[in-house]
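Next comes just one chain, in structure tokens: the form predicted on its own.
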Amino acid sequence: MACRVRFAPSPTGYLHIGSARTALFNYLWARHEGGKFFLRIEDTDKERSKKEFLDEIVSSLKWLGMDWDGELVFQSERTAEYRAIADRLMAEGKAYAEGQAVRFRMPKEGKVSFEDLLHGRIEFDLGQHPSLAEDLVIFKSDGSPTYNFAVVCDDAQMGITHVIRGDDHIMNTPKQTPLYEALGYQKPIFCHIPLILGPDRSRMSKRHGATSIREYLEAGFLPEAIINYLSLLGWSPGNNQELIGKEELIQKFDLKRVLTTGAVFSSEKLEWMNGQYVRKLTIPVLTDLLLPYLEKRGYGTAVISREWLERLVMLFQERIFRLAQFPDLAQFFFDEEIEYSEEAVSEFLKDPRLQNAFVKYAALLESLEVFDTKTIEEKSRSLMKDLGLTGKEFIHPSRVALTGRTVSPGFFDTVSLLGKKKAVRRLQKAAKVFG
């Protein structure tokens, strides 16, 4: 029988990076095994469940490319089914009413155990864990089913073969296994995967940085990079391979290779990996992805032409690690006025010969009929020779005059893309300011 797995988020918040990793392991296992991956919405908490969170969870999974099988399953639509099952348990003497609530009779002695695909056999001695022997509320007084009851009913009726979830659910499992047995349901294979940890090895939280998939999308991470990175948090293909696409992941993914220790999340490693995926994009595709970030910054009207923008993107492709960085990296191409960094001024604009050099350079650029990189470089190097300045003495200060920064992409490409009007005006201004 092909495996059947599910991802079951609660729409009480945005999709957490840890939950996305759980969804991914379920998805990869299902696709690897030729099975089914279902999405079940656990929305019985009427107060906290919100449509905006549901919409975000669904859109984030689609953005990540995790397509599920069949229709969405909503727990909120199954209350009558849960009630019928609870009534059956009461009729069999396995549960009882307590006011408006219903309690399931838990075993009072001995051990509750289950097999875990990663951890092996896990046993709980009820003498050492008296709380597990307390009768379990399966229906609350407000008429809604409890988590542990609804999960068991759903997983059994959906034919779920493998329950792949976080280590934090291990303590729920001994509450659920007696329900499977009392209802005559076949227990699934449990696989509790390690949690994602922050750099301090505590559970990943807001204090470690962004935690929702939505935040990573807005910051300009690519879905392929996030899938790649999350897959390696607690799993490895076994050959130190770091860059691995989704189809290859599906081919190689094996639950038995999942580690049992917590995986430490590194924002730096994710940024590096995202940068590798940015380098693989064609310039037209990367340009399309960057346009919304320029529009958001208000730079849309400053784009001279599509051809110009693609040249600009090509100039920065090796420098981008997150798409949202681009407006800052390329700011001096779009702003009319630039600010000079103090570091750049103190390091490169002290030479008294520079005022004359900037004036001459502005005049040279203004005289050029062809304003391409090759022509600009040839004429600029001739001017340096005439001025008696080395490349370092001329190019570094001119870069500061034109960009306000000590670092930019290739200097002559930068001059060409700035355009004659902007380049001349900035050099003339620098001659006055630093003369």
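We number the residues from 1 along the sequence you see. Because the structure is predicted, anything quoted here is derived from the model rather than measured.
Same protein, other form: the form predicted in complex with a small molecule, not shown, and the subject of what follows.
For the small molecule in the model of the complex, the listed stretch (300 to 308, 162 to 170, 91 to 99, 78 to 86) containing residues with heavy atoms inside 4.5 Å is 162 to 170.
By the 4.5 Å heavy atom rule, the three marked residues R103, P107 and E134 all fail to count as contacting the small molecule in the model of the complex. Contact with the small molecule in the model of the complex, judged by any heavy atom within 4.5 Å, is made by just one of V313, I226, V278, V151: V151. Contact with the small molecule in the model of the complex, judged by any heavy atom within 4.5 Å, is made by just one of F114, Y180, Y147, Y340: Y147.
In the model of the complex, the small molecule sits within 4.5 Å of a heavy atom of E42.
Looking at A430, you'd find every heavy atom of it more than 4.5 angstroms from the small molecule in the model of the complex. Contact annotation: G18 falls outside 4.5 Å of the small molecule in the model of the complex, judged by heavy atom distances.
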